[in-house]
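Just one chain is shown here, as structure tokens, and it is the form predicted on its own.
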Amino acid sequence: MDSNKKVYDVCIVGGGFSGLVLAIKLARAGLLVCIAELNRMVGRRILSTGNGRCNFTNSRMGNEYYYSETELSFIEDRHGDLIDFLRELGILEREFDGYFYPITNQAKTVRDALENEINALGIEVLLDNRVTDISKGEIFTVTTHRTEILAKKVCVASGGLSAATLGSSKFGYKMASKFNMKVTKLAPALVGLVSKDISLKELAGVRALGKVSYNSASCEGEIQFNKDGISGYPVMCISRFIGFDELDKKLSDISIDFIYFMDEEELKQELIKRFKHNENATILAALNGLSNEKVIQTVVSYARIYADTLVSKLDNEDIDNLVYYFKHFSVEITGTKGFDNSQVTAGGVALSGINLNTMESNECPGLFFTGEVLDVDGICGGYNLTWAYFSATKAAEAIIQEV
């Protein structure tokens, strides 16, 4: 080892949200920190979060909003701490139904605030440095395609496979495997679905409320239909399960309940009441207001009823068919839109190989993992940035205590 070469207390691989939070917390504690980032700017993926608005956390917080192969009771509610952390950086928040955004409604505000703090703390950032290897001797050597970095500890915060154009990387998984740590199966999550179902010809362009179910997973919210697929909040939230089934070549159809706020009997009685109210009304007129207009037209068509049929002509079988298709509208899917279009990666470095109090590798002391690279993914709503913050905070607390 060159005795004249700078040795950092911690080298952080990845300048995303988790890596930046960790760097700030460590530097504030007086540690000598550097960040190796493959992009030409830090926090690039932050710009795309929340559709460019950066929904960074949620007041409804708990391990039930996350998925992993490992039990997640260790996840604590730190959403208030994250709000306070961003306030210290000058980010004022606005809250909408429990979802928190910067008051500017711009993800750039969050990215810039983190970069400003990094600069203020004098943290060295090696941009456009793709890390190719980590080795451990007396200390760690982090090798990039441009240089070598010496550090007493290393944290891999390199993210996952999602959004390749914004700097996705397999690096964290490769390093985990190198140090004899398990990596679980990987699938795109928070991603739209691809479908060639004939129903999309009629529903393309529609936004409609509904409950989307896939096997045992389900979620409610606004569904967005387009000519070659389906997206929207409920689809994104359950897409991880479809991603894994696509990987295993065992896809099933999704089922949509357009009237999820009523059970089948309640809906049947609602239809009977509407039809009795004006027996000379056409079926489309009688159903007006129950769901999106095009959804109603499609359901009526699937129930094999002509759009100009008078409700006085309907029988019990017609009503049962309407109930069925409103509540169990099936759409055949061919898979997800893939990692490049996903917001997060499901799966990752197995938590079984991590000390969950410190985020440190059980196999390699001094090597930490935080954020998306780990086998934890959350639903839509600020949960993944909160996980990035939580895991970075756990690592920072442990490292600071050891110094």
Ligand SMILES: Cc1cc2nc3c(=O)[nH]c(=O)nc-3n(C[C@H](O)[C@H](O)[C@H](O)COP(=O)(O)OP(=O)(O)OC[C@H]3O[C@@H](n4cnc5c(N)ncnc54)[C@H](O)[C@@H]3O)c2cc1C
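All values derive from a computational prediction rather than experimental measurement. Note that residue numbering follows the sequence shown and begins at 1.
Keep in mind the form predicted together with the named molecule is missing from the figure; the text below concerns it.
In the predicted complex, the named molecule sits beyond 4.5 Å of every heavy atom of residue 187. Proximity of residue 38 to the named molecule in the predicted complex falls within the 4.5 Å heavy atom cutoff. The named molecule is not drawn, but in the predicted complex it has no heavy atom within 4.5 Å of residue 155. Taking the partner from elsewhere, residue 59 is found to have every heavy atom lying beyond 4.5 Å of the named molecule in the predicted complex. Proximity to the named molecule in the predicted complex, defined as a heavy atom within 4.5 Å, holds among 274, 211, 130, 78 only for 130. Comment: the named molecule is not present in this chain, but in the predicted complex one of 163, 286, 323, 259 has a heavy atom within 4.5 Å of it, namely 163. The candidate stretches are 24-32, 330-338, 359-367, 48-56, and the one lying within 4.5 Å of the named molecule in the predicted complex by heavy atoms is 48-56. For the partner-free chain shown, 342, 343, 344 of 342-356 come within 4.5 angstroms of the named molecule in the predicted complex, judged by any non-hydrogen atom.
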